[in-house]
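Listed next as structure tokens is one chain, alone, in the form predicted alone.
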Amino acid sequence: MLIMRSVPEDLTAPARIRDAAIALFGAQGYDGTSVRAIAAAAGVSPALVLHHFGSKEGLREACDSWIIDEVMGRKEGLTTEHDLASTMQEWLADTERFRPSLDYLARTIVDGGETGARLFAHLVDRTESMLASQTEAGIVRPSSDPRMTAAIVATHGLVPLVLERVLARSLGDTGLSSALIARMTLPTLELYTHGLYADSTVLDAATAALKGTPSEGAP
């Protein structure tokens, strides 16, 4: 599940440019958005955009960094049950505020390419760090493969964004609304907290099968 943190209002020129770029990149894609359009949306000149960020690519890198921080929050704020619950409540209570950021994240990763791969890798890095902190705090069970667990958790968090329309339609909704997110919260946490299977039969079978897999190149 993606965790959003509340951020203070920031009305400086670089922040307005960044927010405009996130909204336009998320709605139209990177290639479909010009520096001129971003400048117009931010109420500044194209020259000021380049002054602050150097280039359109530099602006995108700044957007990537901002999105990662906004989505994952600060890991030190996610090591107690109270802080985690508070962060989730803030997100659920203000879904529309984070809509441009969510659209940006989904589009960038779905579009593929080096930027999407880098953004996803960064997301996995932050997820792995967060899970490590929570494991140390006794909130999360240790994993046999922390990096893979982080990749799976990050992927699960992105699924509702990437498959928003078909997911919402299957549940009788029109989009990733606050009501749908609220409905998704408890089943997701039940799955993470209690697991899906009632016993270890499937896990034991998979473990045995993997141990019995011939090594590569073996006859």
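Remember, predicted model here, so these are calculated numbers, not experimental data. Only the largest set of C-alpha atoms that superpose within 1.5 Å between the two forms is called the rigid core. Residue numbers here begin at 1 and follow the sequence given.
From this point on, the text means the form predicted in complex with the DNA, which you will not see here.
Novice: Check each of A150, A62, L48, L167 and return the one that places a heavy atom within 4.5 angstroms of the DNA in the model of the complex.
Specialist: The residue in contact is L48.
Novice: Find the only residue in S55, T185, T155, S178 having a heavy atom within 4.5 Å of the DNA in the model of the complex.
Specialist: Looking at S55, T185, T155, S178 one by one, just S55 meets the 4.5 Å heavy-atom criterion.
Novice: Want to guess which of 157-165, 32-40, 186-194, 62-70 is within 4.5 Å of the DNA in the model of the complex, heavy atoms only?
Specialist: Heavy-atom contact with the partner occurs in 32-40.
Novice: Should V202 be counted as a contact of the DNA in the model of the complex, where contact means heavy atoms within 4.5 Å?
Specialist: No, V202 sits far enough from the DNA in the model of the complex that none of its heavy atoms falls within 4.5 Å.
Novice: Looking in the model of the complex, any heavy atom of A206 within 4.5 Å of the DNA?
Specialist: A206: no contact with the DNA in the model of the complex.
Novice: Relative to the DNA in the model of the complex, which residues of 102-136 have a heavy atom no more than 4.5 Å away?
Specialist: If the 4.5 Å heavy-atom criterion is applied to the DNA in the model of the complex, 102-136 yields nothing.
Novice: Look at E57 and decide if its Cα position differs by 2 Å or more between this form and the one not shown after superposing on the rigid core.
Specialist: It does, since the E57 C-alpha is displaced 2 Å or more between this form and the one not shown after the core fit.
Novice: Aligning on the rigid core, do we see the C-alpha of Q28 shift 2 angstroms or more between this form and the one not shown?
Specialist: Comparing forms between this form and the one not shown, the Q28 CA shifts at least 2 Å.
Novice: Just say closer or farther for the C-alpha distance from D125 to G54 in the model of the complex, relative to the shown form; it changes by 3 Å or more.
Specialist: Their C-alpha distance grows by at least 3 Å in the model of the complex.
Novice: Looking in the model of the complex, decide if the C-alpha atoms of L123 and S55 are closer or farther than in the form shown; they differ by 3 Å or more.
Specialist: Farther is correct, given that in the model of the complex the C-alpha spacing of L123 to S55 is increased by at least 3 Å.
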